[in-house]
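Okay, here we've got a single chain as structure tokens, the form predicted alone, with questions on binding and movement later.
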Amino acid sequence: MPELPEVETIARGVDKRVRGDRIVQAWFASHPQPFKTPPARQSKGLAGRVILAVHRTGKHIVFELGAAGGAGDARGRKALKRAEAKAPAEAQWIVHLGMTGRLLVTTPESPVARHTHARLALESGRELRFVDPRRFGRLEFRDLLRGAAFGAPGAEPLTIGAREFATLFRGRRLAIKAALLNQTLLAGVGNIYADESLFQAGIRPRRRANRVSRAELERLRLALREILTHAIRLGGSSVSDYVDADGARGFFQLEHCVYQRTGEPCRRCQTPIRRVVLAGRGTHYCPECQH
């Protein structure tokens, strides 16, 4: 499943390519699984709206949309878009990639991949496509004039402070790895970056969260932020189906220290990396470097 760095990479790439563009028409497939909002309602709600911005919230990609408007001449459209860009969003389109979802900016002439569940035709002549072979992703439309904006349930790992971070784990008897994966505590952290951050902080994934000291939690907070930031710079980890908005793979998987390196020598001490199942997830660690 794409995690915070992968989702951030895609959101930035899509924002760069479609910010200020207008959605002319939206097409959705017939499979019901990807739709948190009925396809007909999404099509009607998206048509005519200008994309004001695209950003990540937790593991979700959020499109901030302006008021729906019609097309005019080129000069009129540009003036309208400039005015709308300064106005607050009136709607949101929310994309969760699930296990295998992709969000691609392409042209109408490009071959349509199997398992394409959404195609948004843009005024610029480009298309925005949502492809999801396993159909675990979700698409949602929100009218902000009638309801609340989307918000992640947990704290943002890239900006959370030391005191708030430590408070998240106070009194929790579950394993520290399981706590990191709890999206109501931290939004966006998944299996890859939990394993890598715990390794860098020198903490065993099975340790109870309430037994991890304040100093160790601070090491973990800083390690998590450093690893997530570095992974974003490298375009995320392509260990399965993940590609960015242009269809390019990431490179952070080349720097993994423990994730999916079972039996291989630790990059620090040469001890073989171990794998256990924790909270239903494959978990990788160094028995020598992590305590």
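For every residue, the number given is its place in the sequence shown, counted from 1. Owing to the predicted nature of the structure, the values given are computational and were not obtained by experimental measurement.
The next section is about a form of this same protein that is not shown, the form predicted in complex with the DNA.
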| query | finding |
| --- | --- |
| Listed range touching the DNA, judged in the model of the complex by heavy atoms within 4.5 Å, from 157-165, 113-121, 199-207, 214-222 | 113-121 |
| Candidate spot 36, 135 and 171, all three touching the DNA in the model of the complex (heavy atom, 4.5 Å) | yes |
| Close approach of residue 3 to the DNA in the model of the complex, 4.5 Å, heavy atom | yes |
| Residue contact check: residue 281 to the DNA in the model of the complex, 4.5 Å heavy atom | yes |
| Proximity of residue 256 to the DNA in the model of the complex, heavy atoms at 4.5 Å | no |
| Close approach of residue 96 to the DNA in the model of the complex, 4.5 Å, heavy atom | yes |
